[in-house]
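For this one, two forms of the same chain are given in C-alpha cells, first as structure 1 and then as structure 2.
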Structure 1
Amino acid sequence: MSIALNDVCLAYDGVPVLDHVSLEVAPRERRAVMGPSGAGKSTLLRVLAGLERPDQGRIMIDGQDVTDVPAHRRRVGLMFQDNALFPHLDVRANVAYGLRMTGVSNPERTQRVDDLLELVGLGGYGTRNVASLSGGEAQRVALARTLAPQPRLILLDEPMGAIDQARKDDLMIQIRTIVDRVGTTSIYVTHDRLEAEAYADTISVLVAGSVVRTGAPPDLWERPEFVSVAKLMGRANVVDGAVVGADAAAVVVPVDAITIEPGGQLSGTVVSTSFRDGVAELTVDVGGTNLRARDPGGFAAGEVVSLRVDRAKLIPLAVDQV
C-alpha cells in the first residue's frame, strides 16, 4: 500500500502547522517521521487518518485520492502514545472493539482476536483486566486492536513515550517484527532518534511543519545536510564553520576529528570530563563554543589545551531556512 502526500498545508488560526509537506512511502515500508515537539508530527498523522482536512494539497493511498474520504472509510489504523485502551473492557473486548463496530460476525471476530493475541505474544490474555497489564503488554494489546480491522496503513504516534528504556528496545523489536509479518505499510512518529533508527527503513525529518530531509538512517547520520537534522541525529559538535576555519556556514566536527596535541589550530579551556558510550571525552570551551573531544587522559577542568582539527573529516551543513 503506497502513500503520498502532495503539497499538504494546514494552519490553525492562521499559524502554519504543516507547510507544503510532500512525502512518498512505498508499499510495506516502515517509515519514521522524526522531529522536535511542535514540528507538526501528530497533525501529519491526523491528516493521514482523516481526522483533519488539509487546507491545501492531496492525500493519496495506493493511487486513490482520499483527501475528502472520511476517516472511517480510509482503513487506516492509528495507535496512540497512551494506548487509549478502554478500562471497562477486558483484553479480548478491547481488541474486538473495532470489529464489533464494523459488524464482523461473532465467530469471525473470535477467531480474528485469538489470532491477533497470538501474533502479539499475548495468547491466553483475553480475559485479563487491562489495568493489570504492564506498559509493554498494554502497547501490544493496543497494536492488536489497531491491526484487527486489517488497515491498509498503520500510524503509530510516539508509542514508546510511556515505556521505560529497559523495556523499550525489546518492545520496539517486537512491534517492528509484528508489522513486518502483517505486511502493512506503517508510519512511526517520534522525537527520539534511536527509536526512529531502530524502527524505520527510511526517516523523514519534520521541522516547523516542513520535511527538510529524507533518507535511510546511515545516510542521515553521515550526510545530515542541515543543522536541524544533525542535531536531531545526535551529532556532537554542530558549530559555526568559522570556529574551525571551515568555509561552510556550519559544520559537524566528528569527535574523532579532534586530537589534543601541541601546536593545534585551536586553543581552549577544559570545561568538564565525561564518559559516553564507553569512551572518555573532554568538553573544551573554544572562544565560547563547546567542542567534545576524545580524552587522552590526565586533563582536568580549567586546564588550557591545544586542539588539532582534521578538516578533511568535517561535514558541511546548511542553516535551515524554516
Structure 2
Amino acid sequence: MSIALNDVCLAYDGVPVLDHVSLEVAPRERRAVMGPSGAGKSTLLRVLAGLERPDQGRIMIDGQDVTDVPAHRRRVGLMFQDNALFPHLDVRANVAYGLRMTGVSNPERTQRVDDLLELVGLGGYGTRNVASLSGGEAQRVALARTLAPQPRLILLDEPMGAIDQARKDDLMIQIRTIVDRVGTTSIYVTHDRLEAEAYADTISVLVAGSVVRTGAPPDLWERPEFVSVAKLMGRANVVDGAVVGADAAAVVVPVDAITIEPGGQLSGTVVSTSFRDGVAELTVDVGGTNLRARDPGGFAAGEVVSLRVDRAKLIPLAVDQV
C-alpha cells in the first residue's frame, strides 16, 4: 500500500511537534525515518497509527483518506518501543489478540498464530510467560503480534532500543527478512544512522518536526544539504564556512580533503592523535574549531601544523538548528 502524509501539523500545548510534515512511501517499500530525540518521530508514528489526530493535514493510505479513521479500524500495525507485550497474557494470547479483535474464528486463529510464531523463529513458545522472554525473543513476539491482523502498514518505533549492540545486526536482518516476506509497506523510526541504513533503501530525516531531506543513504552522505542531516549521517568536520574560507555558511570538510603539509592555507595546533575505524587521525585546533584529518605520522599533541584544504571537495550546507 502506498502511504502519503500531506502537510501534517500537530502541536501539544501550542508547541509544534509535527510542523508541516509531508512524506510519501511507495507500496512494499521499507522506509526509515531518522532524527534526533525529540524530533517528533514517535508522534509521527502515533499520527499514522491513528492514536493521535493531527491538527491539520491529511493521511492517505492507498489513495484513501484515513485521517479520521480511528486506530482500531485503520489496520496500521505499530511495534512499540519496549514492545508493549501484554503482561497478563502468554505469548500465544499476545499474538492472537489482534485476530480476536478482528473476529477471526478459533481454528483459523490457532493456525495463524502457529504460522506466525514459526515465521519469527519462536515455534513452541506459545505457552511461555512474556516476562520470561529475552529482549530479542520479546521483540520477535511483538513483531508477530503486529503482523497477525495483516496490517496495511507496519510501523517500527526504535525497535533496537533495548537490544545489546552485539545482537543488533542479526535481529535487524531477521526483521527485514520477515517484513519482506510478508510484503507489507513499513516505516522504521530510529535515531541511529547505522540502523536506518541497514533497514531501509530510503531514509527520511526528521528534524524539529519537519522532514528536511529524503534520499538513499549514499545520497544523504554526499549531499546532506543541511547541517542537521550532515551531523545525523555522522560526517566529520561540519564547521562554519569561514573556518576554511568558504562562501557557504557551513560546510562539510571531508577528512580526505585535508592534507597535512607545509605551505597549506590553514595552520593549527594538534590537539590529539587517535585511531578510528582502522585509520590514524589527527584532531587539529584551527582558530578554535577542531578539524579531523588523516595522520601522516610523526606528529604529537601541541605541535603546530599546516593544513592544505582541497576546496573543490567541500560540501556546502544550509544552517538549520539541531
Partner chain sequence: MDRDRPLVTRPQLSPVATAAVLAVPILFLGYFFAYPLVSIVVRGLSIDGGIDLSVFKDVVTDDTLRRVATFTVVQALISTAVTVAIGLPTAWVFARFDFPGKRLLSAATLVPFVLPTLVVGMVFLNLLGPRSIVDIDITGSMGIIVLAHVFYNFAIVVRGVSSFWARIDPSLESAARTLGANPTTAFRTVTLPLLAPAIASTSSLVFLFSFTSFGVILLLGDLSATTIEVEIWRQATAFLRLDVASALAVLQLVGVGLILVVYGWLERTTASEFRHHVVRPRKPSTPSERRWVGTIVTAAMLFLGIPLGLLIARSLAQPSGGYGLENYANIVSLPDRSAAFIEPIEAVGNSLRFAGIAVVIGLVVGMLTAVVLAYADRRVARGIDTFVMLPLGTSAVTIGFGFLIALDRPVDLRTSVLLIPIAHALVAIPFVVRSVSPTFASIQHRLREAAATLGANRWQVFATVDARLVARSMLVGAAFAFAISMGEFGATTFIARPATPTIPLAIFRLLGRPGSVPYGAALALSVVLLVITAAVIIVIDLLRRDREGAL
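Rigid core: the largest C-alpha set superposing within 1.5 Å between the two forms. What you are looking at is a predicted structure, and each value in this text was computed from that prediction instead of being measured. Counting starts at 1 and follows the sequence of structure 1.
A.B. asks: Of these two copies of the chain, point out the form predicted on its own.
C.D. replies: Structure 1 is the one predicted on its own.
A.B. asks: Tell me, please, whether between structures 1 and 2 the C-alpha of Arg73 is shifted by 2 Å or more, with the rigid core used for superposition.
C.D. replies: No, shifts by less than 2 Å.
A.B. asks: Once both forms sit on the same rigid core, is the C-alpha displacement of Pro87 at or above 2 Å between structures 1 and 2?
C.D. replies: Yes.
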